[in-house]
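First, one chain by itself: the form predicted alone, in structure tokens.
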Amino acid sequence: MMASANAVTIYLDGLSLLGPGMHDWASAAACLLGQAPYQPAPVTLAAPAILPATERRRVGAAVKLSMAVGLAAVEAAGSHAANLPNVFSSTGGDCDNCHNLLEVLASGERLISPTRFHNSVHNAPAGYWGIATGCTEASTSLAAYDATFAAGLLETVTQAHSAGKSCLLVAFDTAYPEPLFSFRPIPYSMGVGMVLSPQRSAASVAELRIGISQEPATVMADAQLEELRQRIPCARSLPLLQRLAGGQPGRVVLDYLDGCRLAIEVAA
């Protein structure tokens, strides 16, 4: 079945990717296009220098990852972070912090660090983003299990058209340590950033027409990349990212809900 006739158009102004074996968009694009061998490796995350020193000491992997891809996407778009409504989409948020809190609760002490409790809420990365960038625009934080990337993309497109201005999507996942890893086996951290605009501009690098479809999702030909696509929720974006890396028009279908997927027509 083809995409819905009610498909909506959005313009991509900025794009970033940080994941296993892909330390920026340029290196990721080379792997996605088969121009460089893909070699998965743990993601190295640095504390964001844009945060004040006090907050910088408190942040974990979720904030470091989301801040890195968000800032890179804003820079690629030539935009200003303070002016962008934003959507932070993550299936589990700060998984390390969740693990540490549960360890404490399972111990005899049960004394929770105020910093760990503060970082446990799902919108903590969005809060740190506001502190770092001075952004006071509308912000949404969401989770939708394996549908988290598609849900975040739809929310960002809706926000952009509703506000009539560019919006930022930050989709990211981190990994649980054991024993939670056995129940939710996300192997690596990964994040994707997109600046999306309801109007075409000089910054626009692609036009995306997004509709609902019942077609099967597009899969990756490379076995390692397909494994990532299946195991990391935000990596459901990989077929779209591969199409964007090639700079050629075409169509991809992304996983969303059971029996309901996103069909995206890409025009350069």
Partner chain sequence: MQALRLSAYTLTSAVGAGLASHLDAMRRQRGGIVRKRWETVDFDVCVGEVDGVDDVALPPELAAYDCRNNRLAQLGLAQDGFIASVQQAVARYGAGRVGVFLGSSTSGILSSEVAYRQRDPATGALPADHHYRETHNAYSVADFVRHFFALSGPAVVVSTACSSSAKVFGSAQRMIAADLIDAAIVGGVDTLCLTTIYGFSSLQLVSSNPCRPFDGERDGISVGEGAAFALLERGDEAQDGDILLTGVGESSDAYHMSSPHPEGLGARAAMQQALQQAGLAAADIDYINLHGTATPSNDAAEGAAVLALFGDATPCSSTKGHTGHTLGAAGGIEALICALALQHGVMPGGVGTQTLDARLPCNYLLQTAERPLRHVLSNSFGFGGSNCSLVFSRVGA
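Residue numbers count along the first chain shown, from 1. Computed from a predicted model, the values in this text were never measured in an experiment.
The form predicted in complex with its partner chain exists for this protein as well; it is not shown, and the discussion that follows is about that form.
Participant: Are all three of 25, 53 and 78 close to its partner chain in the model of the complex, meaning a heavy atom of each within 4.5 Å?
Facilitator: Checked in the model of the complex: no contact with its partner chain for any of the three.
Participant: Whether residue 253 contacts its partner chain in the model of the complex should be assessed with a 4.5 Å heavy atom distance threshold; does it?
Facilitator: Output for residue 253 is no: heavy atoms all beyond 4.5 Å of its partner chain.
Participant: Just to confirm, residue 98 within 4.5 Å of its partner chain in the model of the complex by heavy atoms?
Facilitator: Contact with its partner chain, yes.
Participant: Report whether the minimum heavy atom distance between residue 143 and its partner chain in the model of the complex is within 4.5 Å.
Facilitator: Residue 143: contacts its partner chain in the model of the complex.
Participant: Can you check whether residue 176 is within 4.5 Å of its partner chain in the model of the complex, heavy atom basis?
Facilitator: Close contact exists here: in the model of the complex, residue 176 approaches its partner chain to within 4.5 Å, heavy atoms only.
Participant: Does anything in 6-32 come within 4.5 Å of its partner chain in the model of the complex by heavy atoms, and if so which residues, in order?
Facilitator: Stretch hits, in order: 6, 8.
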